[in-house]
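Next up: a single chain in structure tokens, the form predicted on its own.
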């Protein structure tokens, strides 16, 4: 059977990209998104060329249900998938959330490993088999495109796993997804498992085999690619590899590995528009507040930067000496330094277009105005500065509270005192307050005006670009009524950025 798969792959087969950023990715602690933010990511995923978009777990909460329903009504090309356990109420919720989807898919799952059967379900194998068959048949009544996952498949008894897969296909599942739920496997083991499934499941030719790998041992990408070599033709993945615990297989790593090493992967291809990868990565990082590590493959800040003199010399002579892919292929411009305070509107808009941002006239004018104000504060404007400006503009909504001015008095022997002026519900209000530090004083002054008083959980400051005049990006997390809300703000003034970030959370709470 393995030999037959090898001959077949010579025909150039497509690997379906199943993105679960909005479901498994959002399950990463602290990564929850609003429905509107999920829709924003969904639009970018469709622009990226994702084939299947897992929009959420509708039974989990009313907001999850609404998000799936909202995304399902807006997507035109990508299939929209809803997750469900093998329970009637879950499948019904998935069905209802997908009513307006152009290409709906229901993804049902049930654990099959002995450890899950013994401690989670307390059920025998035959009961699990019966539940899986019943769930797939029920979902199939509502939707022609059914995916089934035997959760914790890599730790399941092989013979039982084959029986469950065969039964699920007979019951109407078009896709069988093999989850390495706890990131326990390694590449050779995954490859052997997929090959064994092809060899031991009689009706396997009626379904697409998929792989879903977690990164607990740092092997999610390698394991997923091993599954492709064995014949899997769908991969579950997330942008930036976000997800439960250590995360999921990274979309950008998988796609670029198959593109750069096409011959090694026997000519398989994806529908992904790789020039949208960097923009998609930035959007998810911005909305979740999860910074991309500088050494992250493909999209990290250092992925295409060279400091060694030997490397720099070789790159100038021939780029491919130390770069196996062109940064432009993933949407990163070659040059970082592009504009300054004397640059005009046309130059700015053209550079933004090169970075993947096409703005209408109104937004273009607002960004240009903010660009000129920033250029007066900074000697050099970098691509990351421009991206921060545009992302803030794109995400801008009608604000209930916005900053007018902030002034802080502090020093080595002077207790900090802040005077903050904000526009709140259409009127300008001013308040003063002391605090444990200048930022705390600012936040307490704002609390006096709004009376909301959320609890600050975390505060993080990062430089958007390099240099003493770099923009600071502040990200905060607050707790309000048992919910965690994130906000962010950017400015060359750290206090201003801090206040903007706090106001961002208040706008989310108040709206």
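Residue numbers count along the first chain shown, from 1. Since the model is a prediction, treat every value here as computed from it, not as a measurement.
This next part talks about the form predicted in complex with a small molecule, which is not shown.
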Contact of residue 249 with the small molecule in the predicted complex (heavy atom, 4.5 Å) = no
Using the partner position in the predicted complex, report whether residue 83 sits within 4.5 Å of the small molecule, counting heavy atoms only.
-> yes
How about residue 221: is it within 4.5 Å of the small molecule in the predicted complex, going by heavy atoms?
-> no
Wondering, does residue 107 line up within 4.5 Å of the small molecule in the predicted complex on heavy atoms?
-> yes
Name the stretch: of 88 to 96, 172 to 180, 195 to 203, 291 to 299, exactly one has residues whose heavy atoms fall within 4.5 Å of the small molecule in the predicted complex.
-> 172 to 180
Which residue, 112, 78, 149, 154, has a heavy atom that falls within 4.5 Å of the small molecule in the predicted complex?
-> 149
